[in-house]
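In structure tokens, one chain follows: the form predicted on its own.
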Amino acid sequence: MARPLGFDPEEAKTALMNIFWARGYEATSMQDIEVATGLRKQSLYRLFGDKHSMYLAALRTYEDCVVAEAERILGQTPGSARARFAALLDWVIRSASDAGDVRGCFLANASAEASAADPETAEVLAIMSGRMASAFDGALSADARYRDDAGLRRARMRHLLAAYVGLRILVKGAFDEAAMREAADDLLLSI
């Protein structure tokens, strides 16, 4: 009979997500991973495999947490497309101001890193990007002018997605809540 784990695998995945999100793949050492998770290499390798597999698990955890939360906000906020995107942008800014989360966007960070050239990583990133695009498209469909014009909706979705990722990157660089709110307000005027 197998011995039960002395740790929670979900907590380990969250710790992996946080360390890779904050530092990136290349800058994160196995020692960093051990410290972040509180686990020894042997346990990490047994649970996840190699560092690359740990990184993929971190990206999938980000998808399950952050991408899913963005989908939830856009899908469940009542009202117009503008109201839905206002809720999403407010969530990003509050995360940075209230919780001090200035890691930016793990999806963007991973896409910019050399590890994104890896086919498995690229596949996970493409799935996350597709989910975000679909959520943005769905939120825009709350307004008749976008619902009835697929070309306009697609163009606005790409614009908003690029702006959203840009806002998340600005949070990582030099967070100034007033400037972020101003940028979000300007973006909302385009909806």
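Since the model is a prediction, treat every value here as computed from it, not as a measurement. A residue's number is simply how far along the shown sequence it sits, counting from 1.
Just so you know, the form predicted together with another copy of the chain exists too; it's not on screen, but the next bit is about it.
Contact annotation: residue 26 falls within 4.5 Å of another copy of the chain in the model of the complex, judged by heavy atom distances. Interface membership of residue 161, defined by any non-hydrogen atom within 4.5 Å of another copy of the chain in the model of the complex, is confirmed. Using a 4.5 angstroms threshold between heavy atoms, residue 121 stays clear of another copy of the chain in the model of the complex. Mapping the unseen interface onto this chain, residue 47 falls outside it, with no heavy atom inside 4.5 Å of another copy of the chain in the model of the complex. Contact annotation for 168-191: residues with any non-hydrogen atom within 4.5 angstroms of another copy of the chain in the model of the complex are 169, 170, 172, 174, 175, 179, 182, 183, 186, 187, 189, 190, listed in sequence order.
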